[in-house]
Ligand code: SAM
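Read the single chain below, which is given as structure tokens and is the form predicted on its own.
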């Protein structure tokens, strides 16, 4: 889990890596070396100037982020030449990320890039392994900064370990920037394994460029590129002893298809139907105007799709997203399983996603304190604090006196975790503002069912009166547990789980509460004289009427969380207490359901061999409903999960390389339950 920061020495006023025995970049000259190597040879200026008025995305991938100079130069050129409605997707791997303060010092040597540098430094992620997805420059540039080994990271975003299907139904990388330290000191970034992975994410339109390479090692790099399927040209560098390479992908062994039923990595998550890379002239309809539906709508609108949201209410966010104070709930683990990794990725992304709303006064980025409910959890908290050492901006351990100072009230717990970047929000207002800001229409229709019309490859949506209410190219179901009502999605194992929150009148000892307190339940700082406290878990109860016994349960949870809270809450009368009750959509494995909707009967037949041997590997691909997707199952963590799941789903619909590891995508995939149940002989 640990990330090792780059060791940097300053020599001759320049940043130097003692590990790789090389400067990060030479002194600034009339023309920066990176600009000379990459921008001119790739002819990006001419290519981006020729893009039409329609939405375009362009994908650059880089093997060594370093101080981010290539990224900044490419971003600068993109912002000045590409159409304003298009997006640059920039993937970059870095095993030894530079410390944020050191990065600021390095980039200060490039004053002509100071505006861009300041934006990067402002959003520079905490040193946590994995992919950090960062929107910059009003969303015109998306940086996918991957902290980890380059080969592992780029392999993880491929569609399959089988390189022939690595970008199955996905756009390839347009341009590779091969810019690690010299091959002799950093051979991993020039290895045949990495270049084969690079080839698997490329097609005949892809070009790869190298930085300056010593003549002694140029032949090795050139041979590795050729073996991976690239044709290679070398260029002199103004009399320098170093050369540059320009490689065009022409295809190789890694691109050869494999028989559909041969042995190999499991590919149930891939759609056997090959889809041409679509233009963004398709319409998307989203059923459900909660936080999942609205964030998905925005993610698609940003990618150039025409989006409509449909809901049985006239306003967005009226059901599960209707609480006045919902928290971005933190849940970390000392383990590296799929669930805690997804939780971590979601929290990091959500904290960035909601920052603009907090900045304009919606809710409060007041921080969240998590208190241990028992000694085992307290031990986990210590492990978590050790694991995230150096990530104080994201989470750090507080001792009792610090807890009291930070929270503003007297607490008894000896330790707690503090998340300074989190807070609370009013989700319904967030939903409404998202739709308004991106001019996404909300259609007030109660959809009863939908069916696919093969003649025009569109989905027809039928309302409760039996009339055709709408027709669309692409359909997204974001109706939480309401997915049980539709024939195409009713096989999903979701549960409708009631939750009630309580509005506790602020008392003398609680008015000073400055942060959210989480334990068995949660308690927010007072808003308009009331704290939000919750929430209950009532299985099998389907009424939204408030119940005094549930108010008492909420109060008891917070009293049990910490004796200090017990004393602070004083006497509370639950009999006439205000609050709100609605329903969550939960799943068996506590993870959301995000992705294409499988054709249940066909999948059941095609993967029946798993009943005989659950360990069978097969290259058989899945069978999925045409252009039908789902985003639901977030339980009580809708605010935390929704921004991440929306981005994932939008990348799938727009056929982009995902900015999330393959095993995490599969961990939220709608077909995962079907595959697991077949393996367990439960289907």
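Numbering follows the first chain given and starts at 1. These numbers come from a predicted model, not from an experiment.
FYI, the form predicted together with the ligand isn't displayed, but the following is about it.
Although the partner is absent here, residue 647 lies well away from the ligand in the model of the complex, with no heavy atom inside 4.5 Å. Although the partner is absent here, residue 60 lies well away from the ligand in the model of the complex, with no heavy atom inside 4.5 Å. Using a 4.5 angstroms limit between non-hydrogen atoms, residue 179 touches the ligand in the model of the complex. The ligand in the model of the complex comes within 4.5 Å of a heavy atom belonging to residue 66.
Here the chain stands by itself, but in the model of the complex one stretch of 181 to 189, 334 to 342, 132 to 140, 450 to 458, 181 to 189, has heavy atoms within 4.5 Å of the ligand. Listed residues 491, 96, 357, 537 were compared with the ligand in the model of the complex; 96 is the one with a heavy atom within 4.5 Å.
With the partner omitted here, the residue from 42, 70, 654, 627 that has a non-hydrogen atom within 4.5 angstroms of the ligand in the model of the complex is 70. The partner is not shown here, but in the model of the complex the stretch 137 to 161 reaches within 4.5 angstroms of the ligand through a heavy atom at 148, 149, 150.
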